[in-house]
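Just one chain is shown here, as structure tokens, and it is the form predicted on its own.
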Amino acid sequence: MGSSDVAILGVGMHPWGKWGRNFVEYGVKAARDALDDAGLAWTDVQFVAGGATIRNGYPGQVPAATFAQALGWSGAQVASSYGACATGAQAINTARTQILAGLCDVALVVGADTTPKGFFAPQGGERFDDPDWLRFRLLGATNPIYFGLYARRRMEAYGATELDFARARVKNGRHGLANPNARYKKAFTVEDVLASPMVSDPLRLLEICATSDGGAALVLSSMEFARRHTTDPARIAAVSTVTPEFPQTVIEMPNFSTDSAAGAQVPDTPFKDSIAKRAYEQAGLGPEDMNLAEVYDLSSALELDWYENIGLCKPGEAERLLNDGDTTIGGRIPVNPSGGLSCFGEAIPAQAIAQVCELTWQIRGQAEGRQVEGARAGVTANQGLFGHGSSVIVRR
């Protein structure tokens, strides 16, 4: 057992979709399911880490207290985190740190979101010094614009094709069919994907993730506490929340310019590569030790980038990995056995937590209909705007 391990005693989710209800309902449902899964009562929880959602008013910005109140004030300590799409990883890391510091034995991590129709947009106000506001108002660059630019970059750099992107979507659709929490449970053919409307050239409607409502929760504990309640639990072995190193010469949203490398050495490890690398270093493991991965497929093309960023293959080899079946359930290293964001959509504070839920079910052998046989270790990869890394390693 590594010194940084904490046990995952319980996992829970509210299904993704467009439910039209308050985000708190989704978080409470996920939290109660996680507590039931752990065999613990709400009053056993000493610390609550909440993932914030800026779209849901003040309660969404102080979610730990919001969920604690909804579950019933108990005197638990709370902390709320926001890191865009990396929010869930930051909440996990806050709870993990409390446990490892000996400040609590049992922590609850919750993230939930209610999203607007259409694309995510900056919150109200005229903010001329806000890069997120500027990329919408100055460039008109909604998220799918960036996804399309990333896809074009991959095509130019490595010869990826629209057929490759479509095959990634087909794979994830097949994986998500049996997932009870997925929003879209439908199998598509390559022809179906390529016939869907063009949204942001070269990406089509079926290759871009939706905005969704949903929630996810974890009950974490010290290993000492876990040993009194269960045997051989899944455990979090590492959490990476890294930022880029200067100069960042690869453009990432919401920015529309890069740092200059004229007077500074380019980092040995680019930002996206550094995210999982830091997690591997913490856990004392490598990509060769992973049995599966859950990655941030905002688009089907972006999934291919992540294969390389998390060390499953060398740059330019992701298409071969996909087309050889290595990342399909039954292959060498299944990626997104949950179905990924293409089957779920984005419920931002819950996403990184949901990835850990999936790894936990897989490692327990409870992922009915999508089980990766013999899964004992897995890695997640995620990324939030403004340089928020997000990677978690779960192992037996």
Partner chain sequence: MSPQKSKKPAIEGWFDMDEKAPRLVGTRCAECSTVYFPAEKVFCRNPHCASSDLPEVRLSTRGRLWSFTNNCYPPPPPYVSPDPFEPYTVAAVELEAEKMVVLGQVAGAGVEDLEAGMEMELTLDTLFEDDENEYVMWKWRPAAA
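Numbering follows the first chain given and starts at 1. Just so it is clear, the structure is predicted and the values come from calculations on it, not from any experiment.
There is another form of the same protein, the form predicted in complex with the partner chain; it is not shown, and what comes next is about it.
Out of the listed residues 222, 142, 77, 282, 142 is the one that sits within 4.5 Å of the partner chain in the model of the complex by at least one heavy atom.
Only one of 156, 268, 232, 324 comes within 4.5 Å of the partner chain in the model of the complex through a heavy atom, and that residue is 156. Looking at residue 174, you'd find every heavy atom of it more than 4.5 angstroms from the partner chain in the model of the complex. Heavy atoms of residue 73 never reach within 4.5 Å of the partner chain in the model of the complex, leaving it off the interface. The closest non-hydrogen atom of residue 201 lies within 4.5 Å of the partner chain in the model of the complex. Interface membership of residue 260, defined by any non-hydrogen atom within 4.5 Å of the partner chain in the model of the complex, is confirmed. Screening 291-299, 268-276, 308-316, 191-199 for residues having heavy atoms within 4.5 Å of the partner chain in the model of the complex returns a single hit, 191-199.
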